[in-house]
Every structure is written in structure tokens, then in C-alpha cells.
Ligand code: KG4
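Here you get one chain, nothing else, as C-alpha cells; it is the form predicted on its own.
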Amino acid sequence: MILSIESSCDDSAISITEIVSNKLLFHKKISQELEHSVYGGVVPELAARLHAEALPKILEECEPYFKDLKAVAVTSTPGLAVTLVEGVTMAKAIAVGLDIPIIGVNHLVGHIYSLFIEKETQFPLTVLLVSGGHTQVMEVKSLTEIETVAKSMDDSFGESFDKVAKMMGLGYPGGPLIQELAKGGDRKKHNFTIPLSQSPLIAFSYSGLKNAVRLAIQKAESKDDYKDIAASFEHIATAHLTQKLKKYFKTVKPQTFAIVGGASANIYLRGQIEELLKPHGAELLLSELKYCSDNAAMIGRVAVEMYKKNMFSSLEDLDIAPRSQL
């Protein structure tokens, strides 16, 4: 079995995955959403302190599995420096204490493998990763063959939801709050401009849309208007993704397409991508909703593949890389 630790942002999580079967034997996550919601976003130093409290508590529950562990895996990149350190430090202590190898896992690869928790892998596929920190399209042929073909030039898709929610005073995380508010709104009420609609670039940008929404919020006569603003924002934010994907599909025909990351739980986004893929007859893969946000189960699934390929890290060389990308 492999014990895996995730602490890249504001979720403390540990899992135990069986190597032979990919079976998830244990998984527990302690969310910090309540503590950060009063600030409208993640406070890194607070997150690190909460990880230091939560991770040891979860680890205690894993003790019955210690005798069967063949490796310990941990998210080492990308993420918040002060929170990554908490997980990596714990993983190194476990590796030394149990005399087992350590595996450093890229968090973004983890999101790709969230599709395959307790399943066999299915490659090649085109992946749209949408989260609080990233918006990018990748062509994935295997664990070691991942090419990023488009990414955000500024704010991410998920980050824009968080910031709009903060401007409306809704709290954190913004994705579910905006999604719920948008249900009662008119998606066509505010004619926000689709970002980069005239640009030939296959890239994403949300800073301009975020500013347009800010101005609409300032002009709102009452908070009742927020429903229409939220619905219009969600519509345009998603239209930006589908417009750029449609342009990309003119040169690269999709066969198997996946949406991963915390923001992939957005129901409107899922529906719009599904419609986009219909003319191509492409298969759509989605993670289970409980595995869309950060979790250790996806890190464990990657770790199983890395273990089989002897992709181990050394205790001396494994270090955090907060800004590393794919």
C-alpha cells in the first residue's frame, strides 16, 4: 500500500491506496473552508497552522496500515509554499521512521488522475483543468507525456468565481456560492464581453471579465440584482472556455475529453462542454464530484503509477516547488 498526503492549499488529506488493485482503502480530508471564509479567500499562514493540527490527527487513523506500506507519497508542487512544507515534512518523517521510499507528486497530475481513482487509466485524452489556481488545456498520452497547449494569461477560471463572490460579500469558496446564486438569475441580463473573443490565441484571461463584473456590482440597485450578475458572469466565463476550445478543435479533433479540478464540479460548465463535444462524438470523462477538489486519493492514484515505474525521490533532493507547472 501507499500512504499519500495532500496539503497544497487549504485541504488536509491523507489516503491509503492498494498498489495491485488501485483500491482506495482509506481517505480522509479535513477542509478549512469555514476558517478562511471570513477572509474571503485562503490565508496561507492560517492554512499552514491548520495543516499542522489536522494532518497528525488523520495520520493517527492510518496506523493500522503502517506495516503494509511500501511507500509514502506527497504533493510537492505546485501550491502554497507554507502549506506544501507541512505535507513534505510529514512525508519525510514517515519515510525515515518506516524505512520506505518517498514519492514527490505534481498536484496537477493528481487532478488528471482523479479521473481514475479505483479505475484503470484511459489514455490518450485532452484535459481541461479548471481550479482556483489553474486554467489550462493539456494533451495527455501517459504519466510522463503531458503537453500543455493552452493556459490562462492571468486569473484562473476558479479564481474569478472566488473573486466575484468576494466582491458580492458571499464568502469562500466562491464557486458553489456563485453557482447557487446564478440558478435564479437571467444569463442574458448583462452583456459582458467574452474575453479574447477576437484574438486568434488559444489562451484564457479572466481579469477583464472580473473588472466588468465589479462595475456591474457597483451599479446594482439592490442585492436582488446579484442573481442576474452571477448568472451572466457564469455564462460568459464558461462561454470563454468553450469558444477557445471550439477554436482548438478545428486543428485537434477531440476523441476523449476530460474536465478536472475543483471548478470542474460546476454543473453549467459540464453541460456546456457536453454540448460542445456532441458534434465530434467525443467521450466526456468527469471525476466524481467528491474528487474534483483537492484530495489525497488522486495523489495516491498517481503514486501507484509512479511506484510501478520506480519514480522515487530522494529524501535529500525532494523539496517544494510552489510555482512549478506542467
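Note that the coordinates shown come from a computational prediction; the quantities given were computed from them, not determined experimentally. Numbers follow the displayed sequence, beginning with 1.
The same protein also exists as the form predicted together with the named molecule; that form is not shown, yet it is the one meant from here on.
- With the partner left out here, the named molecule still marks one of 240-248, 201-209, 126-134, 81-89 in the predicted complex; by a 4.5 Å heavy atom cut-off that stretch is 126-134.
- Put simply, of 158, 195, 104, 110 only one has a heavy atom within 4.5 Å of the named molecule in the predicted complex, and it is 158.
- Here is the short version: of 77, 179, 148, 256, the single residue with a heavy atom within 4.5 Å of the named molecule in the predicted complex is 179.
- Heavy atoms of residue 296 never reach within 4.5 Å of the named molecule in the predicted complex, leaving it off the interface.
- Using a 4.5 Å cutoff between non-hydrogen atoms, residue 266 counts as a contact of the named molecule in the predicted complex.
- Taking non-hydrogen atoms only, residue 47 never approaches the named molecule to within 4.5 angstroms in the predicted complex.
- For residue 173, a non-hydrogen atom is located within 4.5 Å of the named molecule in the predicted complex, even though that partner is not displayed.
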